[in-house]
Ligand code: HEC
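This document starts with one chain, in the form predicted on its own, laid out as structure tokens.
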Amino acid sequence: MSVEPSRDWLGGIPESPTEDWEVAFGGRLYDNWAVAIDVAEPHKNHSSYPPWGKKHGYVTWRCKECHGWDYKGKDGAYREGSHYSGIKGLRGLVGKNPAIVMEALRDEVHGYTPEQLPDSVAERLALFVTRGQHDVDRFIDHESSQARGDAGQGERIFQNVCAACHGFDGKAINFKSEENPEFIGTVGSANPWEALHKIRNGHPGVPMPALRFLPIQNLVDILAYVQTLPKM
């Protein structure tokens, strides 16, 4: 039987979810669905992950791994390098009926079962794909990876919201190790597409607020400021 997930980082499901909440939830599922709903991760490679791919195990089941943080798949940032899969992006699904995505999630190519993604969860992922994407090229320069934002405006928001967890210098949370540190400034500069996705939708499994309810230009301003923060 398909049921609601036991929890998201919020501790449950709102009694009357807004579309912003549902789409942001879908964005976290796109990022890392097993962590977002606290279910067991598949250990074997996804059956549709190509044999030339360089990733192994559960990561090959994550939507972002094939379709990219920029939602452009083989035509975007993952057109080469260790994440290359040759799989197309999702930009063509913007504005489509979410039922199309629901059907695709259950087909032989994707193969997500109701035990992995309950219907209510899959519906929110479908909402994200059809209503929650943004055109990255409007907000991030492809060649330089620089955010097309106002760092000064972003600093105002960062200091009053993001710094509560990340610290004013962005170094309060180290995503990796002391020997190989990774801070929000590291991610913002090396992978601004991932950073913007997480600023809008939150990070699966942790109490990071999703700022999707704000105008996206405000979030691009945050990203522009994040890119000025220490990387090591």
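Note that the coordinates shown come from a computational prediction; the quantities given were computed from them, not determined experimentally. We number the residues from 1 along the sequence you see.
Omitted here: the form predicted together with ligand HEC. The next part is about that form.
Mapping the unseen interface onto this chain, Phe139 falls outside it, with no heavy atom inside 4.5 Å of ligand HEC in the model of the complex. Remark: Lys88 counts among the residues lining ligand HEC in the model of the complex, judged by a heavy atom distance of 4.5 Å or less.
In the model of the complex, Ala195 approaches ligand HEC with a heavy atom inside 4.5 Å.
The closest heavy atom approach of Ala147 to ligand HEC in the model of the complex falls outside 4.5 Å.
Proximity of His67, Val161 and Cys165 to ligand HEC in the model of the complex is complete: all three residues have a non-hydrogen atom within 4.5 angstroms.
Only one of Ala40, Val206, Ala172, Ala190 comes within 4.5 Å of ligand HEC in the model of the complex through a heavy atom, and that residue is Val206.
Contacts with ligand HEC in the model of the complex, taken as any heavy atom within 4.5 Å, map within 104 to 122 to Ala104, Leu105, Val109, His110, Tyr112, Leu117.
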